[in-house]
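A single chain, nothing else alongside it, follows as structure tokens in the form predicted on its own.
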């Protein structure tokens, strides 16, 4: 038994010695179970949001005024009246008045069965912005199927959450990309050349890091004109978030460049006539690209939370734009939460996204050094 274990360890060591560094990193990342689950969940969430017009049964602005503030409809497979297997369906909904509060409440009409059909036709839309179609993944022929309820204006919350994820998820990617550009550029210049250039750039970094982030975000976001279009506001918020997110990356890049610029292979490249840009692009940045990827992965949740916070406070994206922060704005007061608690469902998507990015970042951080552990 012991000999089998020894031979197995020897085989694993021999196999590991034949693997490239990239293969080692990938193999160690795959052993991180939470990171793999988070990666699958994140890919699924991005696909749902990118193709939200198809996966959602209704458009984000489609209204059912007779079903305003309706709680989530329950999904059924068996008919409770007959016990017969029907397949996925929802019961019809009827509104009645509470005899004590006189408020409108909704009850299931078990005499009406709305069978859910795949690839049901509904509101026309343009898939990916240019493919005209009216086919949705699921729907009902008559009535409504609102699995997460409706808001105060009778709009399907599930459809709006998927549609709002486009802006909330993409603003994190775009913002972090811009932060990476600023951080690599300024941090690389400071660390590579040093001297007065290094001192000036680092004092700017210290100034930015000393500023209170949330109040400054709020002040700059409030300065965005209210008559701007959704696209203009989106890019303005993205630039605001990325403008103050590059400092940590810049400090890390600067420190790496200071330690690597005196290495023998860097000096040899410069003696052979390589330009500064070539040395930075081909020798310095690839030597710690894994750390940059991990840092960017862990920075995306901060961007998403920043946009959600600004939109929630009314300083970010504005209606008719749809994002998770805009949707959560409807749950700002206790009365709305008490009467329509399902309006907090967008927060679950925010939490799952942030946790997924954090788990992936932890997995990448462990995999960046495949020889440890």
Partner chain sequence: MLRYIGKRLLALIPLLIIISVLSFLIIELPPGDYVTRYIADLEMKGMKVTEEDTLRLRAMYDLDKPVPVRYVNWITKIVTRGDFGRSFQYNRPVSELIWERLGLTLIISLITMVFTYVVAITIGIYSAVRPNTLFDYVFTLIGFIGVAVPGFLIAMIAMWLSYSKLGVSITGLFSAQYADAPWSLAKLENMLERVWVPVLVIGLSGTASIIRIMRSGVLDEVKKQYVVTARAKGVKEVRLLMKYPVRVAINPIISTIGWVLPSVISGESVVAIVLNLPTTGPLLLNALLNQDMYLAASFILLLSTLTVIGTVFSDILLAVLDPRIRYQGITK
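Numbering follows the first chain given and starts at 1. It should be emphasised that the depicted structure is a prediction, and the values quoted were computed from it without experimental measurement.
Another form, the form predicted in complex with the partner chain, is not on view; read the next lines as being about it.
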> Which residue among 286, 83, 225, 124 has a heavy atom within 4.5 angstroms of the partner chain in the predicted bound form?
Replying inline: 225
> Among 49, 35, 69, 315, which has at least one heavy atom within 4.5 Å of the partner chain in the predicted bound form?
Replying inline: 315
>> Please pick out the stretch from 211-219, 278-286, 104-112, 165-173 that is in contact with the partner chain in the predicted bound form, where contact means heavy atoms within 4.5 Å.
In response: 211-219
> Does the 4.5 Å heavy atom contact test between residue 251 and the partner chain in the predicted bound form come out positive?
Replying inline: yes
> Does residue 328 reach the partner chain in the predicted bound form if we count a contact as any heavy atom within 4.5 Å?
Replying inline: yes
> Taking the shortest heavy atom distance, is residue 354 within 4.5 Å of the partner chain in the predicted bound form?
Replying inline: yes
>> Would you classify residue 77 as touching the partner chain in the predicted bound form, given a 4.5 Å non-hydrogen atom cut-off?
In response: no
